[in-house]
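Before any questions on how it binds or moves, here is one chain, the form predicted alone, in structure tokens.
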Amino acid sequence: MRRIGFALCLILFAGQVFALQIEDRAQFGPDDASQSLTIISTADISFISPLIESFVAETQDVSIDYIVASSAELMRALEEEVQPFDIAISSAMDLQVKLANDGRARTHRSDATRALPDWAIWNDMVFAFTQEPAAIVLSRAAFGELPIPENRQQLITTLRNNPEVFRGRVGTYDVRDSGLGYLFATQDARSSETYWRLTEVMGSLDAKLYCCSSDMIDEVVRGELAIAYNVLGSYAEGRSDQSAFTTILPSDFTTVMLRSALIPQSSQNPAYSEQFIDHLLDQSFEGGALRVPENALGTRAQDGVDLRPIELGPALLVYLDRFKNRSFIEEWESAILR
């Protein structure tokens, strides 16, 4: 693997140049491969690389250009500019369903897709390959002798009783920019009114807003944050510096995201794209159930935790409605921006 980092990338496809704001980029496979795939994804390279490396090793004559971008950039690239990416991988389930619903995804049927459980596939276009919980990451140093909250109400109480400890040291997603953050927030709000009380408390403590789980966890490890709310538990589990923090799946309910992949209609290599999807699914599922690979692609259920997987389907489009989106964002801004 050859890794390349960029802030702004000009990508050339068939003589056309597209500007894409990217977060990271890596090349896999031989330079002289006869086939190539270009993948746009919201998943960190370290998170997904074992699956890509096993595909390259199995296929041998394929190179992969893997581009990490935000869910908003992914949508812009495929929906507005129709860039010819071969695979799109995203944690923003609602946006993946929207791409498929809007005719931006190819159908794909194979033995691997037919073996999927119903919850892991939508319209033969969107394919889930992980289940990842929204977790709360707590700094061990910041909490010291304070009790560890096990649910949202306990977290609210802890924040209200210790403002001197947590002011300016609580982090969560900026739902205006993060597709996954918006998805988690809307699902939380649908599940319980506690979400809005917690958001107001975080706002009163000058919460910091982020685009990504990794950035929030980094800030907890560095001591800048005491709490990171709704980060991907799989990202926390996969780190080597876990001694600096505690990961909590809230016992009142834990929202579970399905990371998914699709083949854009604009793919220039659909045959190998289908082969990649099948490899992804073969590596992730066994007997209709998700495996839990060594790099934490997936999660095991904790005792006493109410896991609530988000359903893959058209219901996810509700909060993408322009008026509902605007209303939700305004209510969120009123609660958290003080």
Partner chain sequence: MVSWFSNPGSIRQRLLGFLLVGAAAMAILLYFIVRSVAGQLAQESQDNILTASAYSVVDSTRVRSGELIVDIPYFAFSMLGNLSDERVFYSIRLGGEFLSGYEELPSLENIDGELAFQSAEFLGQDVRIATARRPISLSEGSSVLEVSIAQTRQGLSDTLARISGLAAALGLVFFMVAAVLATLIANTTIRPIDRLTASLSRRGPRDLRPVTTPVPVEMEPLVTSLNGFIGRLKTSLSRSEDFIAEAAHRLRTPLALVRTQADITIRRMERDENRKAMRDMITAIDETSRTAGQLLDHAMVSLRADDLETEKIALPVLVRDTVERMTPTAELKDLDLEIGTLADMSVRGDLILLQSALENVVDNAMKYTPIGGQIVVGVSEGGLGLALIAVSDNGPGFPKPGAEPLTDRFARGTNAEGIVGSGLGLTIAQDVLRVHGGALNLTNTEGGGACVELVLPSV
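None of the values given here were measured: they were computed from a predicted structure. Numbering follows the first chain given and starts at 1.
FYI, the form predicted in complex with the partner chain isn't displayed, but the following is about it.
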Within 4.5 Å of the partner chain in the predicted complex - does that hold for a heavy atom of every one of K98, G103 and D321? yes
Could you spot which one of T199, T254, Q131, Q187 gets a heavy atom to within 4.5 Å of the partner chain in the predicted complex? Q187
Of the options Y210, W122, Y195, F143, which one has a non-hydrogen atom that comes within 4.5 Å of the partner chain in the predicted complex? W122
Based on heavy atom distances of at most 4.5 Å to the partner chain in the predicted complex, which listed stretch, 30-38, 307-315, 46-54, 271-279, is the contact stretch? 307-315
